[in-house]
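Read the single chain below, which is given as structure tokens and is the form predicted on its own.
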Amino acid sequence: MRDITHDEAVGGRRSSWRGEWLRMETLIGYAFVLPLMLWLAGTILYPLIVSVDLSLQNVKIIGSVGSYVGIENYRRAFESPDFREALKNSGIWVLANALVQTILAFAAATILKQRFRGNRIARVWIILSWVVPTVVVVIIWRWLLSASGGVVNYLLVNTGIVDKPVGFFSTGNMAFLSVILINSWRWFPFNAVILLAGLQRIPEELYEAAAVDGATAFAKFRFITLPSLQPVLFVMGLIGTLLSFNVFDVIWLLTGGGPSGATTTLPVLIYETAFKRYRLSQAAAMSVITGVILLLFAAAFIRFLSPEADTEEA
């Protein structure tokens, strides 16, 4: 048998110390992550498990005891015309909000990027509509759009644009359009700030070089601005969609889901089912379905539209 040399013995001890240090470093890492994991488990995983468990029972009000009914609540949800209507409204709501908010945010960010007197005041002013509490925003807009004495109707009638006051919240399509525009007005400053940060990171030399080559404004937007903002737009699209889908307060405070369910989205329907119709388990089933829809959307969005995925494929 070959004798172990001095260098081999020293190398073996160093390898053993390195292994022990790596194990210790791993344990320290787990110790730092453990509080966050416990917090996530308590605030996300536990409510999720309770919701799924509740959706499989026939509990009607909080505190009552129910029995397990399997997937009956899911079957009822998909067979319910109210659920299908709310799902359609949620889809329209998300797409319309994304479109309006992106257009307004792009316009605002482009203006705020320019150098003019009062630029800093304008940046602070535009963000005010986002930091104002939702209740205040709703009260202001209800007063502005009121059919009896509202400022907007007063201007429309007195300028001859309409013959009589417009019922912004009294008809289905008009109510849905009004709520979409108010919610977009509420949130577009947040997107404008994000886009402004992205626009400021684009080197001016690119636009100057494009101008020398005779590029039009549309060509600069198409080949410089849009590609440079792709990561920003990706984050905006993902987070904005998830937030818009879950909006409840603006719709509930403005229309309560009416008239005749025209503005009822899934969050509003879940609230009504749980606390007005007293079908807690059925509302839990709708919540689980909503969660699955958002999870699938996020996975598909990341899979097909991620800038990193495009880079890897290129």
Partner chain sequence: MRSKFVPILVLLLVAAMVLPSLPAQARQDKVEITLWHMEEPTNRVERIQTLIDEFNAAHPEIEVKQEPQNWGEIYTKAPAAIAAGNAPELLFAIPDFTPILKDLGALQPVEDFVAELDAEHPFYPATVEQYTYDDHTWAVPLYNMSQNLWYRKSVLEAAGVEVPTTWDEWLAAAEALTTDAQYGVGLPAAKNLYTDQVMYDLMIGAGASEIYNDDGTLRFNNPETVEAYDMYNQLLQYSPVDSPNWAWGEAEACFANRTCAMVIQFTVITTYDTQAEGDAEDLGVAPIPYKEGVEDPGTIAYANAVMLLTDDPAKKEAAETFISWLLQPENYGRFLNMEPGLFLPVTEDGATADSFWEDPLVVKYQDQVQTMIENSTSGRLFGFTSGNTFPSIASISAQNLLAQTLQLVAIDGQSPADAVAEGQSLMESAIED
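Computed from a prediction, not measured in an experiment: that's the story for all the values here. Residue numbers count along the first chain shown, from 1.
There is another form of this protein, the form predicted in complex with the partner chain, and it is not shown here; the text below is about that form.
- Here the chain stands alone, but in the model of the complex its contact with the partner chain, taken as any heavy atom within 4.5 Å, falls in 59 to 67 among 59 to 67, 23 to 31, 242 to 250, 36 to 44.
- Taken together, the three residues Tyr74, Val94 and Ser184 all stay farther than 4.5 Å from the partner chain in the model of the complex, as judged by their closest heavy atom.
- This chain appears without its partner; in the model of the complex, the one residue of Ile161, Leu177, Ala211, Ala147 with a heavy atom within 4.5 Å of the partner chain is Ala147.
- Interface residue among Val166, Ala98, Leu104, Ala122, judged by heavy atoms within 4.5 Å of the partner chain in the model of the complex: Val166.
- The partner chain is not drawn, but in the model of the complex it has a heavy atom within 4.5 Å of Leu254.
- Although the partner is absent here, Lys220 sits far enough away that none of its heavy atoms falls within 4.5 Å of the partner chain in the model of the complex.
- Within 4.5 Å of some heavy atom of the partner chain in the model of the complex lies at least one heavy atom of Ser170.
- In the model of the complex, the residues of 275 to 297 lying within 4.5 Å of the partner chain by at least one heavy atom are, in order, Phe275, Lys276, Arg277, Tyr278, Arg279.
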